[in-house]
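Presented below, as structure tokens, is a lone chain in the form predicted on its own.
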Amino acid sequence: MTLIRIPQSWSISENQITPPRLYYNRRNFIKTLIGAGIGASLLPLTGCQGSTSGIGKSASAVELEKSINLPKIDSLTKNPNFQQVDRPIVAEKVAAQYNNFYEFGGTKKIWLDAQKLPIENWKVEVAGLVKNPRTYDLDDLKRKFPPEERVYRFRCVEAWSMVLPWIGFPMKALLADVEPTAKAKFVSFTSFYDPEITKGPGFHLGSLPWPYTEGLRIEEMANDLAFFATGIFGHDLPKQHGAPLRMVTPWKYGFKGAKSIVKIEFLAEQPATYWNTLDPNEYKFEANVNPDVPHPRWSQATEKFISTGPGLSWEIKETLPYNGYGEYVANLY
């Protein structure tokens, strides 16, 4: 195991994090998209951007503190089945800046831009093949589905990972409330999208499949691991993490976690999803973590595990099948 340690510095260049091979392969991917007519202004696109350029450069520590200084979640139960992970939880300030939200741009600077996300009077529509279609507001979600904490591994398709203490409720609780019909085989999750608000640079070209959508098979949604996050680190979910409601499916690659969900629809047929639509060869619909199946442009056998500390540090670790959750989900495949 190789340990790499970076001093307490948030201003690190991209090539300190991403190997040049991966960096230039991303550019080749962009050329492919441009050739398909998506446009020359498109910034680097991947399911989870591996770059750390921009961490801490765009805002002061005060602005970062404000983004994560959110109401604490009362009456929080820690689910005993999902507390022990053989890796440390990432430092909150690192997690708050090391994330993606492509509606707001394609680099790690998005944590600040994402503060434009409007979450007041949020509504989530549940529709399609269900007996009890509903529209929930945040109070409904908090009242109907008591929050619990689950500590989960998170594995990005670009081969970095971390451990996070999510707060929310199991997806199967919502299933029980809306009662899908026998015809429902798939579920589609749609993220918030308003080009007048988000305006991610280069990301609002007409040929891109906005709004961001993701999907699961219904038996995946019913699995014990499948989770809706409404909080993290003991408080409400920050905007850069996908407030106020996001998917968490820890046995899958990170791009399967749709953020800021506004609609959940139960369907008979497999839905189109954002990254799978852009490149189905690179971003499979199921997208389960598998060290034996390389991404077309890099190996998935190992990963950069982002650890604790006030600065950014990581260790090279072996990737686990299903991200270490095979006992829960292997029977689904």
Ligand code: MTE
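Keep in mind that what you see is a predicted model, and the values were worked out from it rather than measured. All residue numbers refer to positions in the sequence shown, first residue = 1.
The same protein has a further form, the form predicted together with this ligand, not shown here; the description that follows concerns it.
**Student:** So which of 122, 233, 102, 228 gets a non-hydrogen atom within 4.5 Å of this ligand in the predicted complex?
**Tutor:** So the residue touching this ligand in the predicted complex, by this definition, is 102.
**Student:** Could you spot which one of 255, 152, 169, 136 gets a heavy atom to within 4.5 Å of this ligand in the predicted complex?
**Tutor:** Only one listed residue qualifies here, and that residue is 255.
**Student:** Based on heavy atom distances of 4.5 Å or less, which listed stretch (178-186, 83-91, 124-132, 233-241) is in contact with this ligand in the predicted complex?
**Tutor:** Only one stretch passes the 4.5 Å heavy-atom test: 233-241.
**Student:** Check for me: heavy atom within 4.5 Å of this ligand in the predicted complex, for each of 251, 300 and 317, yes or no.
**Tutor:** No, none of 251, 300 and 317 comes within 4.5 Å of this ligand in the predicted complex.
**Student:** My question is simply whether residue 109 lines the interface with this ligand in the predicted complex - judged by any non-hydrogen atom within 4.5 Å.
**Tutor:** Outside the cut-off, so no.
**Student:** Any chance residue 191 has a heavy atom within 4.5 Å of this ligand in the predicted complex?
**Tutor:** Judged by the heavy-atom cut-off of 4.5 Å, residue 191 is in contact with this ligand in the predicted complex.
**Student:** Using 4.5 Å between non-hydrogen atoms, is residue 156 touching this ligand in the predicted complex?
**Tutor:** Contact check for residue 156: yes, within 4.5 Å of this ligand in the predicted complex.
**Student:** Would residue 98 show up as a contact with this ligand in the predicted complex if we use heavy atoms at 4.5 Å?
**Tutor:** Taking the distances in the predicted complex, the answer for residue 98 is yes, it comes within 4.5 Å of this ligand.
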